[in-house]
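In structure tokens, one chain follows: the form predicted alone.
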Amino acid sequence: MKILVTVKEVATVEDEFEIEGTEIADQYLGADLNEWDDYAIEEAVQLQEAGVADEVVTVTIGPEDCEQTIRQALAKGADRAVRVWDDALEGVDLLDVNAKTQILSAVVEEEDPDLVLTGVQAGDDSFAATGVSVAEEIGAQWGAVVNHLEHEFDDGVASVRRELEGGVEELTDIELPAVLTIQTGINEPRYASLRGIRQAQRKELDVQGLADLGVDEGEIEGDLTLTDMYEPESESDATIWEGSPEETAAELGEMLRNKGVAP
């Protein structure tokens, strides 16, 4: 079985920052592997360690700058990686779900995996729709917000547990090929070992453009435009008391009486 895991580098922001136009100033930004994707990688590697999967491949959409972040997945056990980038993507303000779907679906068609794992969402745009959209595009079965996956596949069927609304969970069987979006907490992602980090630098990282995948530039032109970015004003102020429990309890009681909440 081959597993394809979609991964993304996302921006990390310092507690104090400044906004320049529609972007956070570069000096306040860092970069890291998307949290949800980290759990998807761990799940794929565990399936390989259990003898269920023969190969784990990652795919990301991003410029050369993101390669070191993406190699984190290789350091944690993925066998090889595919990075998609193109000059046509340079000027795109916000890569929407349709654009990601067209690109990732083309990679899926080329790699022909039995199972695709994605994170439930990305920590930056939080669309939480790409995995299911890819499944619809390639005509595969899907399961969203998966928080448990059995590490035994009987007759090409994956048994999963999914989170639904209101804390309800669903147990279901999904026929392969399939796309599963992985929720945080499904496992405990490992730290990359020093040996893994060294090996990651030697593992294959294939770079492909839109033309290589047969994706037309017109297909990545989204309908979304980033028009403004601002830090919302706080609607209420927080009061913090310091002191012993008796002192802070007395101050809280007095405030509640003043507001008419307590007699």
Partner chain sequence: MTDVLAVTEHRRGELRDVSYEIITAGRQLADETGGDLHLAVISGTVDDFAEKLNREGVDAIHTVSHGEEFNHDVYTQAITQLYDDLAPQYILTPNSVNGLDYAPAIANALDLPVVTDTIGLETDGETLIATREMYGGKVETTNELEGAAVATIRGAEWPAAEGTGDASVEAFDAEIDEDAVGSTVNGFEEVGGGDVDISEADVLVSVGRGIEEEENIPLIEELADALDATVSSSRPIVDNGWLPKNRQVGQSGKVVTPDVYIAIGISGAVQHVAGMKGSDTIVAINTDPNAPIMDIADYAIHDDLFDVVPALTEEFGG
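Residue numbers count along the first chain shown, from 1. In this text, the rigid core denotes the largest set of C-alpha atoms whose superposition between the two forms falls within 1.5 Å. On a predicted model such as this, the values are computed, not experimentally measured, just so you know.
Unshown form predicted together with its partner chain; subsequent notes refer to it.
In the model of the complex, residue 119 stays away from its partner chain, with no heavy atom inside 4.5 Å. Its partner chain in the model of the complex is not approached by residue 218, whose heavy atoms all lie more than 4.5 angstroms from it.
Not displayed here, its partner chain is kept clear of residue 20 by more than 4.5 Å at the level of heavy atoms in the model of the complex. Its partner chain in the model of the complex comes within 4.5 Å of a heavy atom belonging to residue 143.
For the candidate set 86, 79, 114, 163, a heavy atom within 4.5 Å of its partner chain in the model of the complex is found for exactly one residue, namely 163.
Of all the residues from 213-230, those having a non-hydrogen atom no more than 4.5 Å from its partner chain in the model of the complex are 223, 224, 225, 226, 227, 228, 229, 230. Once the rigid core is overlaid between the shown form and the other one, residue 246 counts among the residues whose Cα shifts by 2 Å or more. The Cα shift for residue 94 between the shown form and the other one, taken after rigid core superposition, is 2 angstroms or larger.
A movement of the C-alpha atom of residue 164 reaching 2 angstroms or beyond is seen between the shown form and the other one when the two forms are aligned on their rigid core. Distance between the C-alpha atoms of residue 94 and residue 104: shorter by at least 3 Å in the model of the complex than in the displayed form.
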